[in-house]
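Okay, here we've got a single chain as structure tokens, the form predicted alone, with questions on binding and movement later.
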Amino acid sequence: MSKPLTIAIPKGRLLDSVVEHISARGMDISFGSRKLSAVDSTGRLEVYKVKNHDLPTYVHHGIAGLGIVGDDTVAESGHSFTRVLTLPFGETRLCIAAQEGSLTPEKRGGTVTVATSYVRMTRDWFHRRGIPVKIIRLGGSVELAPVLGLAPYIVDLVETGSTLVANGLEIITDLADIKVRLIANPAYFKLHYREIAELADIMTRET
């Protein structure tokens, strides 16, 4: 076996799904107590567990040659990667939401104020439509922004929508469908093309 491929996987909502998907294909991953790196049971992968928003930085700088991450995180990073494959879990939507009965941003007129942690994607969406926008960056709990009067609109990931409903909000429009990808540092991909192709084949197999 050649030297393991290096891959960063995200802490948070995707971690269990990523580990389960890889392990189900014979590459068992077990992180020791408080350890943030591990080699899978076959020796094919050296896995680093990192914060989701830091993952593109590790792959961009080649610390990890590969990464598993959502489209939203890649877009917000501003970096470019080789997209190897799309994974069959973790799909969600990036949506504009507001208090029930609110006008759409297009109909509201004037500059629209939006609270979000997805600044780049939000700005691009509004600019493509010629709608002036003021973005307030928040790290979390964006659902409170319309309730407390910080901003009439939010942009956030929506899975079930139950948190929105609980706060009297509703989806106004979808910005993007978000999928989970296996990405690669472009230089690393060229150097390890054969090994990455073998990994992609394994990761797309039915179990």
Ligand code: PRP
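This one's a predicted model, so the numbers in the text were calculated from it and none came from an experiment. Just count from 1 along the sequence shown to find any residue number.
The discussion below concerns the form predicted together with the named molecule, not included here.
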In contact with the named molecule in the predicted complex (heavy atoms, 4.5 Å), from 27-35, 152-160, 176-184, 54-62, is stretch 152-160
**Study point:** Partner proximity in the predicted complex: residue 143 to the named molecule, non-hydrogen atom cutoff 4.5 Å
**Key:** yes
Within 177-207, the residues having any heavy atom within 4.5 Å of the named molecule in the predicted complex are none
